[in-house]
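Next up: a single chain in structure tokens, the form predicted on its own.
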Amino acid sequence: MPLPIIIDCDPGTDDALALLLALASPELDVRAVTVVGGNVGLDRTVANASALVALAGAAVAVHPGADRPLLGSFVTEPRVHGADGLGGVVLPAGPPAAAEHAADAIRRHLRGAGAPVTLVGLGPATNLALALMTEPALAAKVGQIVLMSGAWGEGNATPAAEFNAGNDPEALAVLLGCGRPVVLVGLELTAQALATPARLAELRAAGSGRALGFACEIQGRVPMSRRLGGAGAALHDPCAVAWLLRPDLFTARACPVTVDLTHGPSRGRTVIDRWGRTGAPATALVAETLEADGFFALLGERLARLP
């Protein structure tokens, strides 16, 4: 049976490819797409999510959610994603988003679920945290929480913090403490999913559908990562979806993970005790390595299935 999932995202270039990958995969039953205002403002992330769902030919409701974190405000990243979130690539508009707020939709789907639901977080974790904070008993309906978030070394938003973790560290701390299994797909892992020009050319050659063409055009607008030596751009969010489809492409280890909630320069740092130095119990399974060729082959094969 397909795995029931809810995808929470902030499209965002890499979110776009992750969302298309999920919608192209029969192993996944996408019950809802909920949207947060991380990479660009909420109006844009919602419109982008609706357009991507329509592009995939999927009948999945898109729910607008939080336009700010639990504390403060989001810091957007137009330098990577463009002012519109998709690098200036114009998609055909999707249908209007649902009126129901993201956190309400998450709670409703969990209440009615006959089997555990996996929550997939591709942006700041605000919507997911709001849903579980306001009805904690629903955590029992969650199978696992898979998050593209964090790093055990330096960040990409600040020297300390990865973008999603840094934009709402309190929300991430809520999920790590909710008592359900958490998988963290962080920067050290996603750096291995490096979309080089050669890999992007191979992806373009995988098929001739509109969705694949738009996906390659979007990714082609992402600037090469200075942090990764200018060789390509990391496909962060699709790694979290690939974990659900092909866990054999990954290695991972269980680790104690905490989040720095102070308001100094280390705010949002994920402190990941990979070697058990603290003796604390593990709170997350941390993905460590990726078989990159298999990942890109999966991405091309699945995106080529879309219209």
Ligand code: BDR
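Note that residue numbering begins at 1 and tracks the sequence as displayed. Since this is a predicted model, take the numbers as computed values, not measurements.
Although it is not shown, the form predicted in complex with this ligand is what the next lines describe.
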Would you please decide whether N164 lies within 4.5 angstroms of this ligand in the model of the complex, comparing each non-hydrogen atom pair? yes
Please run the contact check for L187 against this ligand in the model of the complex: heavy atoms, 4.5 angstroms, yes or no? yes
Partner proximity in the model of the complex: D237 to this ligand, non-hydrogen atom cutoff 4.5 Å: yes
Considering non-hydrogen atoms and a 4.5 Å limit, does this ligand approach T158 in the model of the complex? no
Here the chain appears without its partner; judged in the model of the complex, the stretch of 8-16, 21-29, 295-303, 282-290 with heavy atoms within 4.5 Å of this ligand is 8-16
Which residue, L119, M148, A171, A131, has a heavy atom that falls within 4.5 Å of this ligand in the model of the complex? M148
Going by heavy atom distances of 4.5 angstroms or less, which of T34, N48, N39, T270 would be at the interface with this ligand in the model of the complex? N39
What are the residues of 69-92, in order along the chain, with a heavy atom within 4.5 Å of this ligand in the model of the complex? H81
